[in-house]
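Taking the form predicted on its own, here's one chain by itself in structure tokens.
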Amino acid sequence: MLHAHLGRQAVVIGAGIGGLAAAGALSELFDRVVVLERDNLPSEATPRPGAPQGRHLHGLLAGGHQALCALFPDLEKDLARAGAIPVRVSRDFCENGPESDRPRRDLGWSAYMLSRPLIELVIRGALARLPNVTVQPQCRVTALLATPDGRRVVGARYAAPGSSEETIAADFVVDVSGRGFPTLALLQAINRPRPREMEIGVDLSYATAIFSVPRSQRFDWSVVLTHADAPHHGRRGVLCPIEHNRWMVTLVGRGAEQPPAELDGFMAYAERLAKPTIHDAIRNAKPIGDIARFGFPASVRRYFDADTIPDRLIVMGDALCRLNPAYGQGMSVAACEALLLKRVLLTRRDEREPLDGVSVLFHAQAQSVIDGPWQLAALPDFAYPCTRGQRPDDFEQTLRFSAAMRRLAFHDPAVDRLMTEVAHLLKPLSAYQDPELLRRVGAELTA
């Protein structure tokens, strides 16, 4: 269903998951949407330089999947045709805890497993079917353009191959560039303060290898999650199926615990996880290609308000909040932000100047999208003494509450489902404030 257009042209910076989702959100609301991407975008599902984590495991949580399907109604069919693998949550998951494994229950929905390059390729294909959306590769944005008083963004300047810098006019700009450098440079140019930031230093490193699934072996799981034994060590491992009958295995460490990039060391690291499930699965599997490594120093969250963000400019994805990738939240949060953007814009369609004030309104509401994932990652991160950052005053109490919830969930499928729905962004963190649940957790704490 088409809605009344709010402007002639919108520009999106970045063709990652967040940028593609933003383009889908804007496609029904602007005459034309242009996505500027600095990379050359491959025609196949192969990694690209501008997505340095593209060779590593990415999770699409149920909330993110729902948001993308709301923006691209045929996405589920597109994913299936592309070879994405559906797995039932959490029936098909082998989740190893340091002490006991999580019960395997069918919680009522499926998740899709696939590589990051493939999901980008699928969404780019969905955008290609929209006649008013253009994705322009090899276009590096060098500056955002604003009115002389700095109150409103009016376009962007970019460098294209084989030509000098070009200028593109825009009624609306969405910065999903990863680090947000175009926005930060603009703020400096127009003498606005940088946004307030919150940082949690995690010093995470991880290594990812791909294996052919052994034909001679059969397993009663599709996904393996082996959790770390915090605070004693930060070793963690994840095994997921991806397209073309392959496993993607990511091993995670903190501080001095760095998973090696050579096969023997990778296997030895896997053997030292809290449980041997992943190691036992891959020891007879054939590796494909090289092992990729990546370092992640800190989670960073930015708070834009009327003092720090010009009108008609939106910041999304990692540029707004860079989440610890160990928890697989980034793509899904970006998709939820894109869906929120569409909803905010729709509330303004009857205004005389519908785009005025959207920047402040969106960034205020986006904090509610980020709050849950941020807190769900911060709690286990702060369980490690080496983590840098300001722990909440009630941190120890929250840690005990979370442990009591997990004990309840072990025996109670309803609590297990609720915790999984919150983790998958299907329900807000405030769902934990249900009076009956609080009573039961309190009883568990005093047992």
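Predicted, not measured: the structure shown is a model, and the values here were computed from it. Sequential numbering from 1, following the sequence displayed.
Omitted from view is the form predicted together with a small molecule, to which the following refers.
### Task
With the small molecule left out here, work out from 375-383, 396-404, 54-62, 412-420 which stretch has heavy atoms within 4.5 Å of it in the model of the complex.
Checking each option against the 4.5 Å cut-off leaves 54-62.
### Message
By the heavy atom within 4.5 Å rule, which residue out of A111, V141, L71, V133 makes contact with the small molecule in the model of the complex?
### Response
For this set of options, the contacting one is V141.
### Query
Does the small molecule come within 4.5 Å of any heavy atom of F266 in the model of the complex?
No.
### Message
Can you work out whether A25 and the small molecule are in contact in the model of the complex, taking contact to mean some heavy atom pair no more than 4.5 Å apart?
### Response
The answer is no: A25 has no heavy atom within 4.5 Å of the small molecule.
### Task
Evaluate T226 for contact with the small molecule in the model of the complex, applying a 4.5 angstroms cut-off between non-hydrogen atoms, and reply yes or no.
Looking in the model of the complex, residue contacts with the small molecule do not include T226, since no heavy atom lies within 4.5 Å.
### Message
Taking the small molecule as it sits in the model of the complex, is G178 in contact with it (heavy atom to heavy atom, 4.5 Å or less)?
### Response
Although the small molecule is absent here, G178 would touch it in the model of the complex, with heavy atoms inside 4.5 Å.
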